[in-house]
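Before any questions on binding or motion, here is one chain by itself as structure tokens, the form predicted on its own.
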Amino acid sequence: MLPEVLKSTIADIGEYYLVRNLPVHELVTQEFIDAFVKKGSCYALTYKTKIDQDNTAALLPNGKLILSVDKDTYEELGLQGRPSQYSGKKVMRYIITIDLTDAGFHPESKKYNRVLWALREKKPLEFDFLLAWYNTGAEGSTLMSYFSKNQIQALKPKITFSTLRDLQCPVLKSNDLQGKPEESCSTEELFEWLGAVLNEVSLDNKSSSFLSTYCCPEPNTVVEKAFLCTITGFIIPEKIIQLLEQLCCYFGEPKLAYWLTLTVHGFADSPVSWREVEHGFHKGGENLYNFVIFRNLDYWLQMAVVAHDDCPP
């Protein structure tokens, strides 16, 4: 059974907001910057936009607003940017970065007023946005009250629990990343096995199966009962850290489990993946990382991206 404190952490993963038809210029006003950007970690991501086809935007917790726009929009905005590194020989997409915390970005500055004018009058951009804000108890506005004049909806992540019975699991040793024949499996074998389990792929390698011939790597062991929890939504890093800490505490008392994993998938159509690294879609837009935490609190960290991404830092 899962400890109650872990269940509580999962249930309290936090809500986020969907704001419809929000003009981008509202995210660069001094009022918004003072209320949210400078008083915590504010996150925003355009909703249901396609990074390889549409204009997209993201507000990062470091206060940088990233715009990924097509060539026509870029020329109409007239703001300084750079060609997308995934454009090819003929540049059709540009990346604009606006640092909302820059000391020179204030209502009396030319830069501030040019950005506001470009986004509000010259080429107004409007999107549905996912928004979340994390602060350490500072009093002030909430996103719900600040955007009360907009069409805003509070959302909670979708949480599902399932029990996997008689599951074949690879044998792992925390100090053997490469694995050893007949002793332990490698990090790559674990990563592939996780993908199969999360996608409900059979591990039997039956000759009658036309879908998959995959089988659990060896050596392996059969676990009578394994828990799988999936949380889907706009989940901020601070909440993931809290969850990771509770997973480490799971081994504070004797357990039969030798290891557990926490896998985090980034949005496929986000304009950034790691920190401020530009993200491309290519064939799937995957960007993810996976923690493997062992009973002795050693851990592995695996990070993966598609071809249209720089390697994670």
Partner chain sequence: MQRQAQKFCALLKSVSCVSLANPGWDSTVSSVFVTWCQTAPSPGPRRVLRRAAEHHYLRVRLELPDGGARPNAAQFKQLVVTALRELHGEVGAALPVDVLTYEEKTLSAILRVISSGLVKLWSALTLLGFYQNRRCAFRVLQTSPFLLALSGNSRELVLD
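Here the structure is a predicted model, which is why all the values come from computation and not from measurement. Residue numbers count along the first chain shown, from 1.
Although not depicted, the form predicted in complex with the partner chain is the subject of the following passage.
Annotated contact segment (heavy atom within 4.5 Å of the partner chain in the model of the complex): 182 to 190, selected among 74 to 82, 142 to 150, 110 to 118, 182 to 190. Contact annotation: residue 134 falls outside 4.5 Å of the partner chain in the model of the complex, judged by heavy atom distances. Although the partner is absent here, residue 296 is a contact residue: one of its heavy atoms lies within 4.5 angstroms of the partner chain in the model of the complex. Contact check for residue 51: a heavy atom falls within 4.5 Å of the partner chain in the model of the complex. Looking at residue 214, you'd find a heavy atom of it within 4.5 angstroms of the partner chain in the model of the complex. Residues 30, 64 and 96 are none of them found to lie within 4.5 Å of the partner chain in the model of the complex, as judged by heavy atom distances. Residue-level contacts in the model of the complex: of 241, 103, 222, 154, one residue has a heavy atom within 4.5 Å of the partner chain, and it is 241. Contacts of stretch 261 to 275 with the partner chain in the model of the complex, defined by any heavy atom lying within 4.5 Å, are made by 263, 265, 267, 268, 269, 275, listed in sequence order.
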